[in-house]
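The chain that follows stands alone, in the form predicted on its own, written as structure tokens.
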């Protein structure tokens, strides 16, 4: 029963994703499509954190570091390569390599969860501080100038192996949505595999899993690297959605925001963080149009409410509510059947008498 429900939910998510993929550009104006592309790129970031935190038990407070590294690596590679085909691959690999190097020292150094969260946040803030100080013309990689706090103008995505044919914003949306769907189903496959089950076991009890003969450091490192690669992919889509990448992607606000997305959407699920990122993106965008409510105050209140009232997050709470209603219906049906059987037996006894 549980397996059939999981299959039905995957099919439903795939259908909804395809509807958004083909329907959004036809029904929305250009500004809304660009805004949705940005939201999708942030949803990929939330998905990466949901994977490593929800299924690997790795609380990374600096997942935006790999998100920003992916965006910057893409911009630098695209300017130097003269096209986006190789730049996308290089940016994902650079983000994955950054996660692997950092993860190696953290996991093989046997750091606790608290120190791991602090170190990842510190790395993010270091990147934010360092890149903001690269405004001079001497700060460049190849022909790509880092630009300091002004950032880098990002070359648009072009058709594969044809740098003369660029994608328009609505076409970039297609790429971002396909990237989100592929990343999501890749994460689903990963969590259902033997590797994913071992990672969940590590999340539940590291000592017991290690006593079973598994190298928990290696599994954590692999999970962390995959999460970094997915976050880098989100950074690439984000840079292309707004046409620019700046050091602000590394700031403390964005680092905390990714944590909030996962908490609100539901840790331990994959669709929950995506859902949380999309909801909060449009809520903050709506609140940003007025000057009455402070956005940071609103996000803080939302986080407090969800931690106290809905600690499991939106998606797990909805699933639990659905299961309760379903069990009540099944109980009510069985009770009605029992009453009907009792009545039929009484009638049979009356007839015999």
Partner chain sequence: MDLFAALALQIIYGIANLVLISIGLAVIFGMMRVINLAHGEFLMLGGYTVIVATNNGVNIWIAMFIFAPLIVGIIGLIVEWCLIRFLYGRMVDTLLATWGLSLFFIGLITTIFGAQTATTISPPFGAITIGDYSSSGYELFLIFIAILAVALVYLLFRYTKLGLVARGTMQGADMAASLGVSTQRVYSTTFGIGAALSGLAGGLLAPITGVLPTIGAIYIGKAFITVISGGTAILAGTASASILLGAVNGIVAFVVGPTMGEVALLLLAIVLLRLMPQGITGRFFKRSL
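Please read these numbers as outputs of a predicted model, since none were measured by experiment. Numbering follows the first chain given and starts at 1.
The same protein also has a form predicted together with its partner chain, omitted here; what follows describes it.
**Q** Does residue 244 reach its partner chain in the predicted complex, with heavy atoms at most 4.5 Å apart?
**A** Looking in the predicted complex, residue contacts with its partner chain do not include residue 244, since no heavy atom lies within 4.5 Å.
**Q** If you check in the predicted complex, is residue 296 within 4.5 Å of its partner chain, heavy atoms only?
**A** Yes, residue 296 sits close enough to its partner chain in the predicted complex that at least one of its heavy atoms falls within 4.5 Å.
**Q** Looking in the predicted complex, any heavy atom of residue 55 within 4.5 Å of its partner chain?
**A** No, no contact at 4.5 Å.
**Q** Taking the shortest heavy atom distance, is residue 109 within 4.5 Å of its partner chain in the predicted complex?
**A** The answer is yes: residue 109 has a heavy atom within 4.5 Å of its partner chain.
**Q** Report the stretch among 271 to 279, 202 to 210, 98 to 106, 168 to 176 that approaches its partner chain in the predicted complex to within 4.5 Å, counting heavy atoms only.
**A** One stretch meets the cut-off, namely 98 to 106.
**Q** Verify the flagged residues 15, 18 and 315 against its partner chain in the predicted complex: is each one within 4.5 Å by a non-hydrogen atom?
**A** No, because 15, 18 and 315 lack any heavy atom that approaches its partner chain to within 4.5 Å in the predicted complex.
**Q** Select from the listed residues 92, 152, 226, 260 the one whose heavy atoms reach within 4.5 Å of its partner chain in the predicted complex.
**A** Looking at the other structure, the residue within range turns out to be 260.
**Q** Considering its partner chain in the predicted complex, which of 80, 129, 135, 85 comes within 4.5 Å of it through any heavy atom?
**A** The option sitting close enough to the partner is 129.
**Q** Going through 228 to 262 from first to last, which residues have a non-hydrogen atom within 4.5 Å of its partner chain in the predicted complex?
**A** Residues within 4.5 Å: 252, 255, 256, 259, 260.
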